[in-house]
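Here's a solo chain for you in structure tokens, the form predicted alone.
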């Protein structure tokens, strides 16, 4: 498909490649979201969320808003992990106060119908790539642009359950009862995700992240099959096409399975949720893998010394590692803007003990 534009690597990309940068680059999951009044104003113009994600002008503006306010080192594309099933022809909508709603996928025929759309699914998301190009053109070179997709397991949970906020009984039954058909669904999502991320990189993304939000519900044997193996396939395909573009994996709730995930998927950096002790991660996870995380998002609603002390503890724990400062999950809509600003200043002012300003 081509190659991304060549530029000097940003602080973010350097850290994701394993460099102990002079200061920690940072960005926050869901940083372009409902806590910003300028986001809410723009969002009110387009009631349909899918339509909003596929509006390049608005999606680019939302991606850029937090960078203008706080100066993060990374901008993350404004999109949604459910754009891949949408591109595969599945009915996807978002209902206010309820969340995503999808036509359920629970039979062989359902999966085979989706498989027939895999080859052209990435083409249906052309507006996303236009958003990437717009954002990259508007960002300073020093700010990295992160593209993303949902990991196959997590996306499959929404497709089988018909939405979010469920107890995951249906998807886990499906995977146990008919692993052959469920494996085909995962294969479809792997191929669609590779094509989608590839196009984001060609359009200008400097790094990509795989969100496996529901990795933590998997039993150990399921984790290997439905989390590690598909992630490895995606990473290998992206690396073959774009060898210098870092891939971040975020297996939320994985616990000690992080050891296998970080060691076996081939990812360049691992996102850590707030349940992972920073000191444990510093010692236990492979040295070649950069760390990303992992402030508890609730502390951003609290602010003050509790938030700042926790941030300093993460910075201290990882001072001998390559890392990117982030949250353990996404910013919530009730976060005061002044807390985001205060946290940003703390991170921007930090320097490694052996790398003075």
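Computed from a predicted structure; not experimentally measured. Numbering follows the first chain given and starts at 1.
The next section is about a form of this same protein that is not shown, the form predicted together with coproporphyrinogen I.
Using heavy atoms and a 4.5 Å limit, would one call residue 77 a contact residue for coproporphyrinogen I in the model of the complex? Judged by the heavy-atom cut-off of 4.5 Å, residue 77 is in contact with coproporphyrinogen I in the model of the complex.
Taking 4.5 angstroms as the cut-off for heavy atoms, does residue 261 touch coproporphyrinogen I in the model of the complex? Because no heavy atom of residue 261 falls inside 4.5 Å of coproporphyrinogen I in the model of the complex, the answer is no.
According to a 4.5 angstroms non-hydrogen atom cut-off, is residue 164 in contact with coproporphyrinogen I in the model of the complex? The answer is yes: residue 164 has a heavy atom within 4.5 Å of coproporphyrinogen I.
Would you classify residue 43 as touching coproporphyrinogen I in the model of the complex, given a 4.5 Å non-hydrogen atom cut-off? Residue 43: contacts coproporphyrinogen I in the model of the complex.
For the spot marked by 32, 81 and 214, is every residue within 4.5 Å of coproporphyrinogen I in the model of the complex through some heavy atom? Every residue of the candidate spot has a heavy atom within 4.5 Å of coproporphyrinogen I in the model of the complex.
If contact means a heavy atom within 4.5 Å, which one of 310-318, 297-305, 284-292, 35-43 is the stretch that engages coproporphyrinogen I in the model of the complex? Residues of 35-43 come within 4.5 Å of the partner.
Sort through 266, 89, 71, 100 and report the residue having a heavy atom within 4.5 Å of coproporphyrinogen I in the model of the complex. Checked against the cut-off, the match is 100.
Please pick, from 182, 223, 158, 196, the one residue with any non-hydrogen atom lying within 4.5 angstroms of coproporphyrinogen I in the model of the complex. Spelling it out, the residue with a heavy atom inside the cut-off is 158.
In sequence order, which positions of 259-280 have a non-hydrogen atom within 4.5 Å of coproporphyrinogen I in the model of the complex? Contacts from 259-280: none.
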